[in-house]
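Just one chain is shown here, as structure tokens, and it is the form predicted alone.
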């Protein structure tokens, strides 16, 4: 009972401090000061967020620079006839703010991995490649390949310019919503891990 009373008194004392009008500053000054502080905090937060959402930030650690980034440089997403390049955040970070924040929270595990050297050598990276790839495949499967669809749209596809096999796959699986991009386009920007036990989404035998 004494502990409960002490807690109640402490809370009441804190409330009186915050509820009591300022002796030295007007309400308008405090409101303006709070607004300015909020703007500075929000601006700083978004600046830091965008700084962490750049390719330069992504490859600032050797784990990413020497492994996935080197593989990306050898693909059509890096160099192509149109000159349009997809960078790391384009494929691994959602564009919508709320989804982006959720992804950043998930990425805290990557900071943990950096601190404890989970993939700090090429050998460790290769050993973890399948696990890392499956995490990304599952994430893209769950969000219906959202990052892919930021650039690629089924509605804007001109299937008359696709080869017959691609047309059949898209008409059978993509346009019907039965499958999503990542089901068939694994390894589009990085080398595939050991695919033993994983049936390709583009398996032609699945098409009647």
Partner chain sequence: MTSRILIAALVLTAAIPALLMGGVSGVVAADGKPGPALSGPVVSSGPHPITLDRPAEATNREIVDDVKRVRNYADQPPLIPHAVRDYQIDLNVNKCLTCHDRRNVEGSQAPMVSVTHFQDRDGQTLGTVSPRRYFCTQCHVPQTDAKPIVGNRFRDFDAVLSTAPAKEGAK
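None of the values given here were measured: they were computed from a predicted structure. Positions refer to the first chain, counted from 1.
The following text describes the form predicted together with its partner chain, which does not appear among the structures shown.
- The three marked residues, 184, 191 and 195, each reach its partner chain in the model of the complex, with a heavy atom inside 4.5 Å.
- None of 62, 165, 141, 149 but one reaches within 4.5 angstroms of its partner chain in the model of the complex through a heavy atom, and that residue is 165.
- By the criterion of a heavy atom within 4.5 Å, residue 173 is counted among the residues contacting its partner chain in the model of the complex.
- Its partner chain in the model of the complex comes within 4.5 Å of no heavy atom belonging to residue 121.
- Contact residues in stretch 69-88 (any heavy atom within 4.5 Å of its partner chain, taken in the model of the complex) are 74, 75, 76, 79.
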